[in-house]
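Just the one chain here, the form predicted alone, laid out as structure tokens.
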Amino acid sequence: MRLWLLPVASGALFIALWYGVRVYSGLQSWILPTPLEIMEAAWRERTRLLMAAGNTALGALAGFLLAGSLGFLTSLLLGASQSLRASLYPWLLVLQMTPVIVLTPIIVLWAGPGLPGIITVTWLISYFPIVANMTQGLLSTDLNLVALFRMGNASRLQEILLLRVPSAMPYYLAGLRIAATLAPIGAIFGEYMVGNSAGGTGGLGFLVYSYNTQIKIPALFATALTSCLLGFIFVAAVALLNWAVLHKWHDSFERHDH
């Protein structure tokens, strides 16, 4: 019960401080709206917010799935060959450290504006945590088990698929959790930079631009709240996948079985 009460208490304290700052500072709603004004704006704009959240979720999910699958395959290549790892991993780091905003003109040119560009931006932002975590997991396999496999004359493919990949699953899922938090952010950023609203396909990134230019600050806060909820859904889905894959055998869930 205490685990639930502490976040509720801290949240209530934060809201009280929010109201206190608003009352005693004399700020107007277009500078600092109250939580009630934000909720009222969310209700007024609920149709636009829900439609935009659906469009953002589509781009975020597609980019996330692409990052998850390509990240897994890339990690297998990096984990299987030291030569490939030495050749490719530094360049992956260079690409990771390149700001996505610098690459957006190229993304628009190559992938096109709208959903393809949004998916590409989301993939770029979500891809590297998966590769880094999964590769580390493949290289962190228990050496005693590796020696046992080699004593049994297991092939390199058998060692990777039957030993290293299962051992790396907690690392892979940790990478997916990080990517799940980044995917909605990447999709919103992609919509802001390379998206469009043609045919009613504008997402939350487009609403951010629209409400900002119209100085609808409560609605802008409501868009931020919707984005947080979307991110929570992504993280919760990965947490459920993490439980489904690991709870029967991994040490991190052992305490729940007693």
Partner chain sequence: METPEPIVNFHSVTKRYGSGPVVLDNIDLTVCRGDFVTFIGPSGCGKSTVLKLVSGLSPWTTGSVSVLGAVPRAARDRQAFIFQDATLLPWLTTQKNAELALRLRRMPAAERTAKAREMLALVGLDRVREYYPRQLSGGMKMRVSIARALTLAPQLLLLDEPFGALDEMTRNHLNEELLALRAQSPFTAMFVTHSVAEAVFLSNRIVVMAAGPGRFHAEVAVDFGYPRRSVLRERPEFQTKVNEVSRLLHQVEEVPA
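Everything quoted here is computed from the prediction, not taken from an experiment. Numbering follows the first chain given and starts at 1.
Omitted here: the form predicted together with its partner chain. The next part is about that form.
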Contact between His247 and its partner chain in the model of the complex at 4.5 Å, heavy atoms? yes
Is Gly152 close enough to its partner chain in the model of the complex to count, meaning some heavy atom within 4.5 Å? yes
Its partner chain contact at Asn144 in the model of the complex, heavy atom, 4.5 Å: yes
Answer for Leu88 alone: is it within 4.5 Å of its partner chain in the model of the complex, judged on heavy atom distances? no
Where does its partner chain sit in the model of the complex: which of 158-166, 181-189, 108-116, 72-80, heavy atoms within 4.5 Å? 158-166
